[in-house]
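Only one chain is included here, represented as structure tokens and corresponding to the form predicted on its own.
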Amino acid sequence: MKARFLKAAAALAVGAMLATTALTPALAETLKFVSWQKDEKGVGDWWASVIAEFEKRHPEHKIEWTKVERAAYADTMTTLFAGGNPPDIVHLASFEFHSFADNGWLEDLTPWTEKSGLNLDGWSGQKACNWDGQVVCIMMLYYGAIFAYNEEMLASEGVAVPTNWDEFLAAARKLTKDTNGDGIPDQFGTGHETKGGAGQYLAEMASYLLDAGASYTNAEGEVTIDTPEMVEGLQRWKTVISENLSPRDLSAGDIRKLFADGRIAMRVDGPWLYSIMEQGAAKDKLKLAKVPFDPPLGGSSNVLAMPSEIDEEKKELVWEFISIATSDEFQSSFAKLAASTPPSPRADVSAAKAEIPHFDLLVEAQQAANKAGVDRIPVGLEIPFNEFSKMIQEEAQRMIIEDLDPAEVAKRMHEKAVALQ
């Protein structure tokens, strides 16, 4: 009840704030921009630079930048759109824009890209922005996973840095140990969140499924779970968890801290893991390498779009903002300011490489994941993704708790996924 109240209050507060723009003629040329990233170090600074450039080019116009917390974001944006008062510049997580597009709330950007000459060939993750034959958004971040390991722990056991599944499994088994003699493992070969949200649970499983050649759906959106590849991927996940090669019932934050402090030997994660490593007790022992799975885990993060029902003058201004954000200049500055891989293949990332020692690994992983079409949202299951991810999590947990045959589990997952479509 409290959570619903806070979300409703946030929506009303933002709605009231944004509504003043429409009521005051002097503010008619103010663009409303809502984001959860306003105060985030790096990426928030980059957004601020895009806004500053827009206002420099168009001093007669202003951008009103409002922050809404991530936990209340989707509900707040839904309330604004449903009430006919959407922000002019639409910023959404890549896993939540589908319902907005499905309601017809997002503009088809195809004519805008063609008119401006924006070339999206090779733009990482952009394929995810295609909806019902239209381009409804521009991908603003698509990342590839990194592989981190404790060099001292591997060396102490004579274990080389793994380069494939078999080597990874052998290393994880050798590095999982009871170091204090109480009969319970307190050092782990790898680490996965097994407590928390379904979306994160699927992300934790994903490397094993992808490397086995499995996918939940094909390019046409047909469910493809009941396959030998999926059975193999599920068996790998079951092996890692059932053999206690990872600690159980911990959040992703807990797992990352254990790795950073030297209790876990290997971890596959997003680029954000590096900053956590830098704060850990084992900081000087931690290294980065290419992910030992092919293709590597990757995923889209957030998108820019425009509402379909604002007036044409504002659409022109919104596209100008998007054009700045997607320009070679600002895609290049994104790499350095946000310390992340920009989606544009034309971005100059030399400055980022000079400051971030592992940036080449990030670029390589991003490009490999994008080439393989890896994303966390299966094609054809975008709208019911919350129900789908919960179902997969529940079935995978049952497989481990009840020691079920992965072939039977894959068959049941397949049937339930089809029913959700």
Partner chain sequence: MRKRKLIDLARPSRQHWLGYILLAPAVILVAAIIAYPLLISIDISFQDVKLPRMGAARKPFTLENYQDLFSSPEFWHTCWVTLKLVVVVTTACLAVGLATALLVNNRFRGRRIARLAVALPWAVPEVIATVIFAWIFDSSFGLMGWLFIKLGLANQMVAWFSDTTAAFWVVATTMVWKGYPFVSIMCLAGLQSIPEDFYNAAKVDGASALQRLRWITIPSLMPVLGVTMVLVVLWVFRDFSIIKVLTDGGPLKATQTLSIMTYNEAFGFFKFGYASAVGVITLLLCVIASMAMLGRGSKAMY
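Predicted model only: the values in this text are computed from it and were never measured. Numbering follows the first chain given and starts at 1.
Keep in mind that the form predicted together with its partner chain is missing from the display, and what follows is about it.
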Is Leu250 close enough to touch its partner chain in the predicted complex, meaning at least one heavy atom pair within 4.5 Å? yes
Using heavy atoms and a 4.5 Å limit, would one call Thr78 a contact residue for its partner chain in the predicted complex? yes
Using the partner position in the predicted complex, report whether Asn103 sits within 4.5 Å of its partner chain, counting heavy atoms only. yes
Is it the case that Asp403, even though its partner is missing from this view, gets within 4.5 Å of its partner chain in the predicted complex, heavy atoms only? no
The one option of Lys353, Lys67, Lys62, Lys390 with any heavy atom within 4.5 Å of its partner chain in the predicted complex is Lys390
Between Phe321, Trp237, Phe188, Phe147, only one gets a heavy atom within 4.5 angstroms of its partner chain in the predicted complex; which residue is that? Phe188
Whether Thr113, Asp211 and Val379 all lie within 4.5 angstroms of its partner chain in the predicted complex by heavy atom: no
Counting only heavy atoms and a 4.5 Å cutoff, which of 391-399, 31-39, 365-373, 52-60 contacts its partner chain in the predicted complex? 391-399
